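One chain comes next, on its own, written as structure tokens: the form predicted alone.
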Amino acid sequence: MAHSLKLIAAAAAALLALSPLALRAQAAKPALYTADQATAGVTVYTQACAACHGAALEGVSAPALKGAAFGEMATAQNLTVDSLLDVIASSMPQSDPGSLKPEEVGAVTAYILQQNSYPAGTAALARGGAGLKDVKVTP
């Protein structure tokens, strides 16, 4: 009987370790940008991106940049933060590809990450940042 209770206790502990709270903690999104950078990104996004991607990043004539549709696209393209920065730098806005300054690319990417529940941190986001090739973009 004591052995059975130990097995039950071990099983309960294992289930608690796999609880949604524990899973969320394991899958926490990294802090990749500063709050000021995301705030600056709102202005860049409004001026250069919203006409095609929508005021709420919902997608209009271009894909959504947050939510389920964005998540499906990001997964299908194996999108990383590094590749998102590259796409924005080289091909956005569609009306004038490559016209954004490096700090604008970082700012608008920070805003997109913020809108997809990535937390702000202490270091600014920039192309070529360490580890960005390994961070998958998820909504």
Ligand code: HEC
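So that there is no doubt, residue numbering starts at 1 and follows the sequence shown. None of the values given here were measured: they were computed from a predicted structure.
Keep in mind that the form predicted in complex with the named molecule is not shown, yet the notes after this line are about it.
Q: Judged by heavy atoms and a 4.5 Å cut-off, are Val81, Gln115 and Leu125 together in contact with the named molecule in the model of the complex?
A: Checking in the model of the complex: none of Val81, Gln115 and Leu125 is within 4.5 Å of the named molecule.
Q: Is Pro30 a contact residue for the named molecule in the model of the complex, using a 4.5 Å heavy atom cut-off?
A: Flag for Pro30 set to no.
Q: Does the 4.5 Å heavy atom contact test between Ala110 and the named molecule in the model of the complex come out positive?
A: Because no heavy atom of Ala110 falls inside 4.5 Å of the named molecule in the model of the complex, the answer is no.
Q: Against the named molecule in the model of the complex, would Pro63 count as a contact residue? Criterion: heavy atoms within 4.5 Å.
A: Because a heavy atom of Pro63 falls inside 4.5 Å of the named molecule in the model of the complex, the answer is yes.
Q: Does the 4.5 Å heavy atom contact test between Thr43 and the named molecule in the model of the complex come out positive?
A: Thr43: no contact with the named molecule in the model of the complex.
Q: Using a 4.5 Å heavy atom cutoff, which residues in 79-116 contact the named molecule in the model of the complex? It's fine if the answer is none.
A: If the 4.5 Å heavy-atom criterion is applied to the named molecule in the model of the complex, 79-116 yields Leu84, Val87, Ile88, Met92, Pro93, Gln94, Ser95, Leu100, Val108, Ile112.
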